[in-house]
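Just the one chain here, laid out as structure tokens, in the form predicted alone.
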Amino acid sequence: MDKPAIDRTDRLSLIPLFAGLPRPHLEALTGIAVPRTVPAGRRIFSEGEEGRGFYAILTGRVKIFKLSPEGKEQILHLFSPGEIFGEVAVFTGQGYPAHAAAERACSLLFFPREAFVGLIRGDASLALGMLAVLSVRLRRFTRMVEDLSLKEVPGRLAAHLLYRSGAEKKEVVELDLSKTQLAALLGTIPETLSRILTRMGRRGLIRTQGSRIAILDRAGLETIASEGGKLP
């Protein structure tokens, strides 16, 4: 039996885009949300497809990616529960700018564009929240373009590990990606990634144990990340 709609309303309040909204507004959002389940590996939408709305992730993980003419995949983002994707369609009414697929089995809420825009017209706080999300995305895209165009692969990897360690500067980073996925995210190939991880380990920068990477020399990683060059 499906859970009552009130449960989805409570979960909506945990999504940053909707956090702080009064209960009536959350209930209005629940009223237009369409629940969807997507098995792992299934495409959610394709680049250029008409943008009919955006999605919020309740469970699972979604990857946003581009494909080269040769079929090479470049992962742009990996989104987890509480995050939204496909939101560009809300403002432009144009096609999705990239592909989206369920990297893990997903439970999603789909917000049709026309219905959501109707709610925004009656509540400016929703529009402000969406703009805040888009601003964060823009900064992330700018950083990614800078990393891919100006940094060598060791610099990209060092920056990623530091990013994953968080503001609390965790000493151990848990990589919940395969090496193939991480390589695609960093714009390289798995073999190159493996060599760099090994070299970083030999230089005492990190210690790799399966999917766990211990940061042994944070200052060294910060130097590589900021200079964007090769390993010393």
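A quick note: this is a predicted structure, and the numbers were derived from the prediction, not measured. Start at 1 with the first residue shown and count on from there.
The form predicted together with the DNA exists for this protein as well; it is not shown, and the discussion that follows is about that form.
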The unique member of G60, G201, G51, G187 whose heavy atoms fall within 4.5 Å of the DNA in the predicted complex: G187
In the predicted complex, the residue from V153, L162, A115, A127 that sits within 4.5 Å of the DNA by heavy atoms: V153
Triplet K72, E191 and R195 all within 4.5 Å of the DNA in the predicted complex via a heavy atom: yes
Stretch from 22-30, 175-183, 162-170, 40-48 whose residues place a heavy atom within 4.5 Å of the DNA in the predicted complex: 175-183
